[in-house]
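There is one chain below, alone, in structure tokens, taken in the form predicted on its own.
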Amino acid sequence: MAKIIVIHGSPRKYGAVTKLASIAAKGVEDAGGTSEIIYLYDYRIKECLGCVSDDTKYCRFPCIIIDDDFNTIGEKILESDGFILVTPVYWYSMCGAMKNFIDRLTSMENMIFITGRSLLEGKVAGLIATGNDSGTILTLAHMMIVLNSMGVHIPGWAIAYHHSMDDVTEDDQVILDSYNVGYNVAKLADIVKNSGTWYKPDVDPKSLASLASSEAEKYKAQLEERKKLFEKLLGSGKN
């Protein structure tokens, strides 16, 4: 049974984010998982200090910022199999509370340099963004690339978005998509649970570079052919 945390990023508990988060949670439960909604605005999440830029070993989990609530949520993520981020769109991106939270996840990802493994590796995530106009796709793309860079799995059909001033409950597509975000995150989490490591840091980059160079060398003659083609095209353009 997958345990999925739904991270709610809006200060408005009566709004669109709550509605879509609850739909995603229903999807989790229908897939056989359990869900818990965490309201970020019920917690104090300070801005990241960027300590990793001073020394890689400073950035670790539990985060060295101990006078806020990030580590509490971090422990919940550690105990879970995955999470779903649901954010309002503020000026074409996620809200500030969600950005601070994702920045602070670096403390969990950076454990790859402390213990050899990101604490987020193997977790599964889904993403939902909602706003009055544009910016939802940009927001989702931003969150997806960051989470994937941290070792998080994102399954198919694990994003949902709504960009309209109309109530989200009038948008059948975002309702269906949000449900499937929860359903697919829980489903994949069950599949990848206890599946071992996903990132191999012990491969020799130089041997791989040599392999790549050898493969490219086989087709070096193509360069001369392309040069001849370009010179011919340039010549045909002369008066």
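This is a predicted model, so every value here is computed, not measured. The first residue of the sequence shown is number 1, and the count goes up from there. Throughout, rigid core stands for the largest set of C-alpha atoms superposing within 1.5 Å between the two forms.
What comes next is about the form predicted in complex with another copy of the chain, which does not appear here.
When contacts are judged by a 4.5 Å heavy atom cut-off, T197 counts as touching another copy of the chain in the predicted bound form. The closest non-hydrogen atom of S134 lies within 4.5 Å of another copy of the chain in the predicted bound form. By the criterion of a heavy atom within 4.5 Å, I84 is excluded from the residues contacting another copy of the chain in the predicted bound form. Although the partner is absent here, T106 sits close enough that one of its heavy atoms falls within 4.5 Å of another copy of the chain in the predicted bound form. With respect to another copy of the chain in the predicted bound form, the three residues M1, I38 and I128 uniformly fall beyond 4.5 angstroms at the level of their nearest heavy atom. Residues are counted as partner-facing when one of their heavy atoms sits within 4.5 Å of another copy of the chain in the predicted bound form; in 1-16 these are P11, R12, K13, Y14, G15, in sequence order. After superposition on the rigid core, the Cα of L229 moves by 2 Å or more between this form and the one not shown.
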